[in-house]
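Okay, so here's just one chain, in structure tokens, the form predicted on its own.
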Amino acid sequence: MGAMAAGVAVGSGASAQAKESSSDGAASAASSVGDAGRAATADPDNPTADPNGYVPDCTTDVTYIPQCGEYPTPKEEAPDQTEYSCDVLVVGGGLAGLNAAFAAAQDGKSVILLDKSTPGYSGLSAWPSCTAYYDPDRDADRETWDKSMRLSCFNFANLNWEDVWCDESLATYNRLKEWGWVEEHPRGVDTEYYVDGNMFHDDLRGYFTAYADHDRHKVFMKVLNDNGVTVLDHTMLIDIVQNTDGACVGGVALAYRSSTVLSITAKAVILCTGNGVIKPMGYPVGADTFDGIWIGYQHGLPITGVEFEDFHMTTSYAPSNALMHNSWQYVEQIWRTGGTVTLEKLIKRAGVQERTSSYVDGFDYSKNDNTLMDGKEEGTSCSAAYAAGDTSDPRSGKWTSPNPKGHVYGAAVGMNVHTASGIWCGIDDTVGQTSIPGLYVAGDGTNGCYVGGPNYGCQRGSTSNFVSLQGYRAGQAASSYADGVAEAQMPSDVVSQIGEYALAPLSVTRGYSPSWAREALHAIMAPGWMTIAKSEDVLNAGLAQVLALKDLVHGKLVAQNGHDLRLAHEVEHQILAMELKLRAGLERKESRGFHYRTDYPFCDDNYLFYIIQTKPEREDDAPVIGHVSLPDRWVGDLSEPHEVRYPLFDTPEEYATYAPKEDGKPSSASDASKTVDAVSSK
């Protein structure tokens, strides 16, 4: 709410400025429309104009894009079938879930896929704009690749999973291409539907209609239908079920549009529940709510990676705008990227403070340029081979249509950096097998494997490929496990208990709205000093507020319909995830990747371990914190100088202390190349 209030204040100021500079008639018309910042000008010749005849004046006010909340879910009648059984249950309809379901079905298993939304539109899978892979014939040799991953990931990446990605990413890419997820068709900017990147001017509907065959949902559903996968959409997994031997034998779910409890008996379960967010402020990822983390934690599984923040951006002038980045990306093609590992390009923008360093002020409106249309058309992150002249390499880079561009962190409050956080399966695991027999995890935010380290140090576009690869491997492993299970049976008392829990908020007569609880949590976590530039005092203050909110609303969230019912469970998951995030942030007394502590601003080799948190025996106790030491290969040579081990200088203090200098000033881009030379010589 704090960030939203700030956004409204900025919008109101801009709106007043626009009205002041317009005619009285235009100001009156703008007021009648009722949208802050909308300066009204009639344009009857514009076919995509507002139905009332008004077109926003983007030259005087940058807050013209509408800010949308979450619409209520339409109510449905209860389904006829409420009990299901299968060999493999997949939870989540994103890229990880799609590949997991496909792999198990290809192995002859009966598969049910649960999706809280609908496949292809779930979580982050609707938004990828590029994908990468390793080509052994064109890319750097594996020793160079290995060294680059260590350095770009702050000596913290899971190199076992990186090995798997190098071995299998090309086959994964070919599978995605065969399905039609990777396809070539015109960008919006190259068609008659594009005007200027303003969503009120461009004919988005026309573009989507013309290229509807490339819609992500259609692509996903064809794969699932062709392989006989049963899809239960708009259905939320409430919890997994373990038998008396401790094995996972299915789950209890909520078809929330009808407030109906479903039971699904399965020989194996794969959680592909995605990353998490409290409330999106720049990316519409509200369906990602840490469900997998909550479920794993409740069953005693270790949670890791939550201290490292997501780096996607929003805008200071419209920080709660869920439509800021996504005008064309539903349907635009997936661009081939990656294969850019060369030690010469290790420092992505040599001599320039990036990411954490650039945005330590969080939402500081006074320091950021309110440039709206600064989207870029030129390709980014093409392969090293393509850049060297090999135009036969399809990885030509990312050439999306120009979009409004964010410039401050905070697009998805609470989200953890890609492919780092989730349930920890162990150093040697490369199939997503948890310590619960029959339970597997895959994908961003659910399998905490750190393949990209603490800062998404792997190649641009590798997340979409990697989660696909990981889902496929989990599907194969779950299928193999199911072969050894004669029959799965769920204890009826456990199923009934979870079902009662699922519907409990409908019986709460006096309590708190889940929407209010989410707003309160959002207000605690959204400021830049809580997630971008942290300190012990701030983290402790935030933790105290989150724990107070947890005590206040636990078991007291009111639901009047299925939509509220889903939100009530999601808020419980979000509150737990933020507690774990803040505790991990306090435990890591250093800065590394996308975890910046202003009171500990340097990488510290004493913290070369993964932090894991597990549920305590007593409900009221704090999570049990443990450390997982990293293999020698992952951490590199500890005897090297700091500036050679950590050449990215990702905090202001690191940069000021270690970056090459000339005449006492921060280094230029050319001077910083000396550090790359030093790295190359090692």
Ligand SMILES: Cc1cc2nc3c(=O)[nH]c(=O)nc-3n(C[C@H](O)[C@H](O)[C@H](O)COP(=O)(O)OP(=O)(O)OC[C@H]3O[C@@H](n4cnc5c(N)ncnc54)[C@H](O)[C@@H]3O)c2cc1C
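Fair warning: this is a prediction, and the values are worked out from it, not measured in the lab. Counting begins at 1, following the sequence as shown.
Quick note: we don't show the form predicted in complex with the ligand, though the next part is all about it.
- By the criterion of a heavy atom within 4.5 Å, His418 is counted among the residues contacting the ligand in the predicted bound form.
- Taking the partner from the other structure, the ligand in the predicted bound form has a heavy atom within 4.5 Å of a heavy atom of Ala287.
- Interface membership of Gly461, defined by any non-hydrogen atom within 4.5 Å of the ligand in the predicted bound form, is confirmed.
- Among residues of the shown chain, Arg187 is not one whose heavy atoms approach the ligand to within 4.5 Å in the predicted bound form.
- Here the marked residues Ser117, Pro128 and Gly443 all reach the ligand in the predicted bound form, each with a heavy atom within 4.5 angstroms.
- Screening Ala101, Val451, Val467, Val306 for any heavy atom within 4.5 Å of the ligand in the predicted bound form leaves a single hit, Val467.
- Contact annotation: of the candidates Gly593, Gly410, Gly123, Gly475, the single residue with a non-hydrogen atom within 4.5 angstroms of the ligand in the predicted bound form is Gly123.
- Residues with any non-hydrogen atom within 4.5 angstroms of the ligand in the predicted bound form fall in just one of 491-499, 232-240, 575-583, 531-539: 232-240.
- Inter-residue distance, Arg216 to Arg566 (Cα): increased by at least 3 Å in the predicted bound form versus the depicted form.
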